[in-house]
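Before any questions on binding or motion, here is one chain by itself as structure tokens, the form predicted on its own.
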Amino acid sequence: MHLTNQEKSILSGSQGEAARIALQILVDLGEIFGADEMIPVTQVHIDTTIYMVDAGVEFAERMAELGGKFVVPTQLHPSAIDLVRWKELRVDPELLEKSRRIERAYLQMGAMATWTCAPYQQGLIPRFGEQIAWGESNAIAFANSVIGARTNRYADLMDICAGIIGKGPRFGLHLSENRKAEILITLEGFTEEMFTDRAIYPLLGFVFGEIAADRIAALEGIPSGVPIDSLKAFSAAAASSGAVGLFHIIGVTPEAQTLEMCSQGEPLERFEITPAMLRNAEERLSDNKIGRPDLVVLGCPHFSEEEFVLLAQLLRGRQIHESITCWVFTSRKVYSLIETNDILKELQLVGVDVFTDGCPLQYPTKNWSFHSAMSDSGKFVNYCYSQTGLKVVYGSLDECVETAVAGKLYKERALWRTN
């Protein structure tokens, strides 16, 4: 790899040991993937924020102790917990302390305490074509695909290094030639009316990810007016079922205004998605023996302002059933907005618990007696059993609300489920 005089100087230790280690790791990564040089990035989203093993804590602390500082704006993925309302989440002291250690290390290095998995809806929102270094699968897919910014799928610890150096290796999705579609997936048998049900998008994303795997796929048949939160749900589900870092939706995403534009004129292998495939996916993702979930979970990825408005409208004049716990996860920014306009108070009065900072897949399961969950998130239901041990069922936001109010499972006869 060609290194500039400045980069050689950093490797010699001129800017401290933290910078030397960070750059050496990124150079090693680049050489593995054949990168010819490093490129500047304008911002970083760190995914190494959830306590899983001590090594992640110790690496962040070590870089901070060595004087590491983030040289570009760097924001944070969720913690394992709500760092403010940890008592309400029944967080045990050990998990709290490990999470606090991670928090202290990142803040010492100059990170922004965003603690969200949907950074594209707040804070540092990149522009089209901007070179960035983001971790977190749904955020990577959204940034590359919906915004048209450029990032590789930065793994844990690599994101920390990119923040300290302000650069990443020049390879993969940073390059135009590597962003072209390799396959085309078309929607067959869908009607325009089916897309008025937002519950269709997480399942489309899940099936799309299974087909695409690690290939860049174009998708044809999505209405041009698809809501931004539906694209968020699609991105999250696709990145959970496949190694999806970039997708193209014809007529919707910026690098795919036409099929020729995203394929760069090359012929593509073709696949299709049908309503029957969505029904099959929902059956595979859901345990249909669940008659009453204990827990309704919303906000995976984190809930937006618009989603809170919709939730408040659906719950107005109603009450969450005493047998069901309803949790919504969001960012601190969105929390402050709904607190200001009284939506938070309205939801709390009807029995909804709103958490910030954390991830619904990482809550302290041993301190709760839940047996089953329901969610409108394709990502959550895909990961739920393996990460929490809970049986799970998928449903639309409307179905989640009706279930939470009635105290028993409620499912509608949606068009894509019956046609």
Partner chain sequence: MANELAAHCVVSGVAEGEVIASSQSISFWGGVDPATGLINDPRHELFGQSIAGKVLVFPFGKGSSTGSLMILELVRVNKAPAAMINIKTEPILATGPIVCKHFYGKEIPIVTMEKSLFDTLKSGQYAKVNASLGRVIVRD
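Just so it is clear, the model here is predicted, and its values are computed rather than measured. Positions refer to the first chain, counted from 1.
The following text describes the form predicted in complex with its partner chain, which does not appear among the structures shown.
Chemist: Although the partner isn't part of this model, could you tell me whether Pro364 comes within 4.5 Å of its partner chain in the model of the complex, counting any heavy atom of the residue?
Modeler: Output for Pro364 is no: heavy atoms all beyond 4.5 Å of its partner chain.
Chemist: Though only this chain appears here, would Phe59 touch its partner chain in the model of the complex if you measure heavy atom gaps against 4.5 Å?
Modeler: Heavy-atom contact with its partner chain at 4.5 Å: present for Phe59.
Chemist: Is there a heavy atom of Asp92 no more than 4.5 Å from a heavy atom of its partner chain in the model of the complex?
Modeler: Residue-level check for Asp92: no, no contact with its partner chain.
Chemist: With the cut-off set at 4.5 Å between non-hydrogen atoms, does Val405 touch its partner chain in the model of the complex?
Modeler: Output for Val405 is no: heavy atoms all beyond 4.5 Å of its partner chain.
Chemist: Thinking of its partner chain in the model of the complex, which stretch from 318-326, 149-157, 191-199, 258-266 has heavy atoms inside 4.5 Å of it?
Modeler: One stretch meets the cut-off, namely 149-157.
Chemist: Can all three of Ile25, Asp54 and Gln387 be found with a heavy atom no more than 4.5 Å from its partner chain in the model of the complex?
Modeler: Affirmative, all three are within 4.5 Å.
Chemist: Could you spot which one of Gln43, Ser375, Thr356, Thr48 gets a heavy atom to within 4.5 Å of its partner chain in the model of the complex?
Modeler: Contact residue from the list: Thr48.
Chemist: Taking its partner chain in the model of the complex as the reference, which of Glu282, Glu136, Asp82, Glu307 has a non-hydrogen atom within 4.5 Å?
Modeler: By the 4.5 Å criterion, the partner-contacting residue is Glu136.
Chemist: Using a 4.5 Å cut-off on heavy atoms, which residues of 28-46 contact its partner chain in the model of the complex?
Modeler: Residues within 4.5 Å: Asp28, Leu29, Ile32, Phe33.
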